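Shown below, as structure tokens, is a lone chain in the form predicted on its own; questions about how it binds or moves come after it.
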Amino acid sequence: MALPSGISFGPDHKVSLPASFNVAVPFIDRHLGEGRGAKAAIRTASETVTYAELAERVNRTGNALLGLGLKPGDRLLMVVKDCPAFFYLFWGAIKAGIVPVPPNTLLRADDYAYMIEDSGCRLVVSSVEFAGEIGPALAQLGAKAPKAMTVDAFLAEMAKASSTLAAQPAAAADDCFWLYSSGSTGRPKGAVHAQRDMVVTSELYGVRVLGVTENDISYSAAKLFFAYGQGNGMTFPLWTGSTAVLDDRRPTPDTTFDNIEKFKPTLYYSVPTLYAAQLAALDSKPRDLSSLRACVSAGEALPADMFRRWKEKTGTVILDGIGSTEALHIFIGNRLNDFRPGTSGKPVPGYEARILDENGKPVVQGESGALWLRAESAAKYYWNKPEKTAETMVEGWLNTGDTYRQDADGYFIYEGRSDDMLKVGGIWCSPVEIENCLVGHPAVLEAAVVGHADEAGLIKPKAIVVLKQAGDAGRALTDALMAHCKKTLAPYKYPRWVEYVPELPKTATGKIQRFKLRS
């Protein structure tokens, strides 16, 4: 499919956009002119929304927001489940010049109170399912609380609004939307993204790496409220004129398999935690996944053994990659014609990655260091966080906070968050490497590795393990897991302790919160 009028990418993969550019126009409006009005843009268990219906409801939403007193530049906090209304609010706000801010829908009242106050939003729209947290959050703020309404109440306002709306003039680098970071080690940070950013990710990763076309059907178990899910389930389909499948339920092996069998998606996006649970479910009940041409994983590194078992059971590869809230989507990833299990792949065209030592100098290839990224889709700054902005976004480069090394063939290998790395016997050790080894044992579903002090106060690896069958825990299994690691890894890397738990603490994006496991 040709690029929208006025948009081009050079041989260096840099985007060129018109001087006046509102991103809602190429993502929403152009499909009517290109003849897709009657095509399904969104499918759910209860409804199908065509591109014509989507465009009309986006216009009505923009007018309704303006009618409620919001002005261009104002923020809209939208705590909305995965449903068509998410699309209406997000794109209607952008078309009207209002800044949508979709936070994690799994948070608590204190978190929402913080985000409402931090963002200075003029309106909160929330799905009724979240009333138990949004109500107390607003009550905490008292007289400072903004106007708030449920999605259903807003849709009633939307229905009364005009169906025509001229796009608010904007420039490619203007503020467009925010995404709050997952806040795995503190208060969430509002990453401010520009109008151009969704164009960059949708074309460079969606089209040029995944090969998304208007014939694809995309289904993302990862939700719309964070960067990975937003690209998977909304911007990639809309950029290519294809179809998105939405499900507002918490994803489980049964719900995801049911959706795949019902809607026949060609692309499926998930996280390692869910892939692990799906593999366990497939052991007892085969499912029809024949519609899938590719699967994608992000959030945590995908163990090579999980890649192998998924391919054996489904015949489909899982393309692992790394992205972030700040970069907006995957910036290093495997491809269908170029993948290596156990790695994050290679940089997406148009993205520059470098690995630096503690002095800010490039490491020798094969050595570990901090991963820095340069990208046109990178957030402009953190809202109200100038010091954090200056620390993370330096001279056009983004400090990802991840530790990586690059193998001799150019594949990037994830070693953990920089503050998760362990020094064992004076040698740096990756918790992810040990975790991947443990997951390769047939009894293990998931594993996390953290540092723990021994009797002498020296730091050694400790494994926290989730088993496929809880009854297997015992000294014999612990000895077997230690032996498995000693056989596979360098001797000093084996876990000195193994603890068994029913589940691991994670962020909404599937990242293991190792800091909660340290003792």
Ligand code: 3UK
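Rigid core (definition): largest C-alpha set, two forms, superposition within 1.5 Å. Nothing here was measured: the structure is a model prediction, and the numbers come from that model. All residue numbers refer to positions in the sequence shown, first residue = 1.
Just so it is clear, the following notes concern the form predicted in complex with the named molecule, a form of the same protein that is not shown.
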| query | Using heavy atoms and a 4.5 Å limit, would one call residue 435 a contact residue for the named molecule in the predicted bound form? | reply | no
| query | According to a 4.5 angstroms non-hydrogen atom cut-off, is residue 417 in contact with the named molecule in the predicted bound form? | reply | yes
| message | Residue-level question: is residue 326 within 4.5 Å of the named molecule in the predicted bound form, judged on heavy atoms? | response | yes
| request: Would you check, heavy atoms only and a 4.5 Å threshold, whether residue 320 touches the named molecule in the predicted bound form? | output: yes
| task | Please state whether all three residues 27, 212 and 240 have a non-hydrogen atom within 4.5 angstroms of the named molecule in the predicted bound form. | result | no
| task | Counting only non-hydrogen atoms, choose the one of 291-299, 243-251, 82-90, 118-126 that falls within 4.5 Å of the named molecule in the predicted bound form. | result | 291-299
| note | Checked 220, 344, 377, 278 for heavy atoms within 4.5 Å of the named molecule in the predicted bound form; positive is 344
| remark: With the partner omitted here, the residue among 96, 224, 330, 447 that in the predicted bound form has a heavy atom within 4.5 Å of the named molecule is 330
| query | Though the partner is not shown here, which residues of 93-111 have a heavy atom within 4.5 Å of the named molecule in the predicted bound form? | reply | none
| query | So with the core overlaid, does the Cα of residue 419 end up 2 Å or more away between this form and the one not shown? | reply | yes
| Rigid core fitted, is the C-alpha displacement of residue 32 between this form and the one not shown 2 Å or more? | no
| Hey, the CA atoms of residue 301 and residue 492 end up closer or farther in the predicted bound form than in the shown form, with the change being 3 Å or more? | closer
